[in-house]
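What follows are structure tokens for two forms of the same protein chain, given separately as structure 1 and structure 2.
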Structure 1
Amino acid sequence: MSTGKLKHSEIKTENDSDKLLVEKVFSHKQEHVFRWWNDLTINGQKNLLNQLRLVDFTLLQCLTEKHIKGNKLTSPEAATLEPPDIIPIPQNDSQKARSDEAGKIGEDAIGAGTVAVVTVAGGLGTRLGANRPKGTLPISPIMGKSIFQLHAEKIHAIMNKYDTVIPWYIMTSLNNDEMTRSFFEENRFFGLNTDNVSFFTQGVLPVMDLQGKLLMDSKNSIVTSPNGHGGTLLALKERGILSNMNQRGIKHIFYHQIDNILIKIADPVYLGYHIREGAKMSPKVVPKADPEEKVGIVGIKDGHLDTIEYSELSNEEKHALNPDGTLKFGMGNPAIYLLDVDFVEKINESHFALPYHKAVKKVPCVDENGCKTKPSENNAAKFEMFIFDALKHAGKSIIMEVVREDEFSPVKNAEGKDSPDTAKQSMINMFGRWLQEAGIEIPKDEAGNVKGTIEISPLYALDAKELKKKIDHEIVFTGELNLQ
């Protein structure tokens, strides 16, 4: 898209600061962004300059050198990979006793008001293609409650149970911030006190073409994209959320992604283990569905706890077995973390420590004639930080295995695997198991799915134990049950 001819003296600007900015853009060989300068209105020119002012050109140059021109400055690949110690799902009495003990510690922390929830909801949801923030998607099996409402009801129920306050911080991005806030306002914050729900936006990065040139979204704007869920840690500091947490006496952050509809928010047992061990960042893990499942795993890489992406695992590592026949690297990462506030502060001190990862995608942009086009081939490099890269800086972590069917069912795609349909079914099946534990007979089909529909509001029961205490044990399931 380079113009070849344009000179910075041809770009007339109003003041010295704009002139310097234009020179900077030229010195980084991105002058094609001024291709339509003389056709733009004054406001159009201002818009372009304002956007360019926020671009960290030095960072872009580093990313181009490292990821686009292939001049890798990274350290050599890991020499060793070992599975980490994992707190298992309790099977025997002593494991159950330890889990109960941890649960008490976690409940005390929740009761003392030291726990906050951070939900990351800034992603574009490209695979889902819903044209609306993912959290606004109607998902509950009978009432059609949105994902946001389900999370809100869980937080509400926990606050009621422990007579406490759990501040909820929701990360959005410029693409969906307004829609998200309006959704909460229209729904009166789902009954939560507005003082305890905050929104903060994550940073964005320009999107480049495969030669490292900035892509244009229109004649007066460049394409930008959220800087990844790793951007949460930076945004928590930059948007003043850490200060707010400190003022409220928050010590522990329960981090989760908007699209996991089974998320067990602020799980006391998990909190208790994390607190007892003095851990700083702790992941939950779930068994991989099969050796080839495309999820990252948690492992000890060159002596440090780390998350290893699916693509980084060799074939032997993917299929390696323990003596008991289970997968050696069989614990997938569902992106559920506990992070201590002081750890997030530390990681933000001096300079921010998370690396950027490149994703090559099809991104709509304007062509040389200034017309918006939808590419049929990959045309763009996006850069994102990943939250799990913080793990190796934590120093101390606990890793806790949980039952996948009870805690992990993400909405990623419009259909098929990890879609709204599978999410609904996973909720129905989990409620079915709760009812069975309460002694109620629930018919299942050959695939093990409940025959019928069930919805249980978190405000009715948060788990099987609560349901058992509350439900009429004489109930007969006739194909639909809605407990609100």
Structure 2
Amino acid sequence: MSTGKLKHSEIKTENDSDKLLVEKVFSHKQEHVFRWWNDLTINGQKNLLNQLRLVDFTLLQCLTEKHIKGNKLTSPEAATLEPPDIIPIPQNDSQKARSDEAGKIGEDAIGAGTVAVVTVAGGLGTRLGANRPKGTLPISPIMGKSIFQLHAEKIHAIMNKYDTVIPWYIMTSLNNDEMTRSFFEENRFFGLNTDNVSFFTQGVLPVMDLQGKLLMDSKNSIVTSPNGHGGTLLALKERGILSNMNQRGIKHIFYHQIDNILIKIADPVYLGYHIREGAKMSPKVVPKADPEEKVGIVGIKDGHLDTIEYSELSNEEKHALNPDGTLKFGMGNPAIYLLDVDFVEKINESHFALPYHKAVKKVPCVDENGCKTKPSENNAAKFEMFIFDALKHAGKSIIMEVVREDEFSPVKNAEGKDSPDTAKQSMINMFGRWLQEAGIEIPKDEAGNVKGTIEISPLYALDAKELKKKIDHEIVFTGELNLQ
């Protein structure tokens, strides 16, 4: 993008604050954003200035120098990678006893009101063919409940079970915040007390071209992009959520992403292990489906717990086996974490700041003639923070393995893998396993899927153990069962 023709003195503004802002923009050599200044209405000029006022130009300069101007091709340093110690899925009596003990500790913490839920829900379901918050999509097999409603019912059921309050903090984005709030209001917050449901927006960063210049979205606005899931930790501080948590006596945060349909919210066993070991940030892990599955793995990298991206693993590492034939680096990351409030506060201190990662993308923008264009080649650098970069600072963590079929089924694609259809089938199959544990016969096809449709509301039963206590054991499954 070429620089603007207007001189600093030609940018007429109303007050000293705006003049200082214009000076800052020029001093950081981003004056091209004023290219169409004289073509803009007063409101258009105000919009541009208001957007620029939110830009951290010092941070942008650092990112430009590190990731764009200083981005020379260098060979990555060899890293040592080892599998972490994990808490396995209980198989024997001693492991089950240990799990039960942890569960009691977690239940006490939930009952004491020291646990909150943070749900990352900033996306729009564009890949699913819907231009609305992903959490609003109908997903339950029979009732067609939204993803938000299913999560809300789980939280409601847990509060009822332990006679407690679990505050729910939902991180939205500038694109979907208003729609998300309206959806909750229209649905009366799914029976939850409005005092215990809070919304906060994720931060954004400007998008730059490959020379370090701000990209323009229109003549009076710059292109911005969410600052990554690691930005959640920053937003918790900046939006006053940590302060609210401290006022409520919250000590532990259960973090998850909106699109995991099978999420076991505020799992007491997971929480209990975390508390007992004095951990500060702890991930759950699920076994990878196969060596080539494109999912990050949790491992010990250069002596620190970390998430290693699929692309960073060598073929040898992807296929390496343990003596028992399981994958050596097979603990996939489903983006489920427990974080202590005091640890998130430390992350927000400057010496613990998370690094930014650059992603080179094709980003629509305004060209030199003021026309919106869709580039055919990569033209932009986006910057994001990753939440798992905080792991290396935790000092103490537990890593808990869980049954993938019981706890991880994301909705990301319109069809095929990780789609609404696979998520519904995952729910039906899980409910079928619960019913089988209760002694009810459930027919399955050759692929192991339940023949028929089942829906069990979290308000009826949160898990197989609870279902077993409530259900009529004489019931006969005839192809459809709906327990609400």
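The model shown is predicted, which means the values in this text are computed figures rather than measured ones. Definition used throughout: the rigid core is the maximal C-alpha set that superposes within 1.5 Å between two forms. Numbers given to residues start at 1 and step along the sequence of structure 1.
Of the two copies shown, the first one, structure 1, is the form predicted in complex with uridine 5'-triphosphate (UTP). After superposition on the rigid core, the Cα atom of A464 is displaced by less than 2 Å between structure 1 and structure 2.
Once the rigid core is overlaid between structure 1 and structure 2, I170 does not reach a Cα shift of 2 Å, moving by less than that. In the core-superposed comparison between structure 1 and structure 2, the C-alpha atom of F431 has shifted by less than 2 angstroms. The two forms line up on their rigid core, and S17 then has its Cα shifted by 3.5 Å between structure 1 and structure 2.
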